[in-house]
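Read the single chain below, which is given as structure tokens and is the form predicted on its own.
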Amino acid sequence: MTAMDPAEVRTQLGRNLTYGMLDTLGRAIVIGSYQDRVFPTEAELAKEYGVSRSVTREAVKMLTAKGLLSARPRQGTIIQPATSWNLFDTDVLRWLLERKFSVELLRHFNQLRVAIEPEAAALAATYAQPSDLEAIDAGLKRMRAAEQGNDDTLDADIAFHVAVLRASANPFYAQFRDVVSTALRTSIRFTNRIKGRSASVDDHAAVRDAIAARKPDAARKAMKRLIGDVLDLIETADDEPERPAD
């Protein structure tokens, strides 16, 4: 790794040095930059990046909370195995998706979705308030607008799914929205590239219609079918070669 001028490094970290350090170190850990060397001490990190010890200490503390690092007596700070990383943390998930485009990772993510979102849709058909139904309908309208080039395809699709999760009236499902938003951006790009088109608005409309009609079973089946189509596409695809992070 070529040494950089501390002032240049500070500029790259951004105005919030702690979160800049968090993002820089987290990404480096996940992509394997420290695989063949000992993780630096706080003093070494402070010197390398031209920041205070308090900044590096806080960044390391945050990475520890995410499961990427651990501090042990007489061993210093060490990188934890990937099995210890918090995959529900959106930063960790984002770094993983940037590390290597992996069909297997997307398969695992959509397997989780199919276990969560159909039930969220069924709950939405039972508990959704008028404002929730409006938000779901707004997401669908955005998807239709995106087909005409008048909205962002990814943002519209994500808005629909997040609205359904919120409409479930279940706080645990609702908090799943951040994971969905992060991983769907990669998943949607991938499946759209295979199909040569964006997600089926009619399939999403079937979910909306079932929720609006207060039909839990129909909502569950419609959402399961929607995600099942994504899994079918993933099952027919091969892993792509590693690509650089954006």
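Everything quoted here is computed from the prediction, not taken from an experiment. Position 1 is the first residue in the sequence shown; the rest follow in order.
A second form of this protein, the form predicted in complex with the DNA, is not displayed here; the remarks below concern that form.
Quiz item: Among 201-209, 48-56, 217-225, 176-184, which stretch has residues whose heavy atoms lie within 4.5 Å of the DNA in the predicted bound form?
Solution: So the stretch in question is 48-56.
Quiz prompt | Non-hydrogen atom within 4.5 angstroms of the DNA in the predicted bound form for each of 17, 41 and 71 | solution = Answer is yes for this spot.
Practice problem: State yes or no: in the predicted bound form, is some non-hydrogen atom of residue 77 no more than 4.5 angstroms from a non-hydrogen atom of the DNA? | Solution: Yes, residue 77 is a contact residue.
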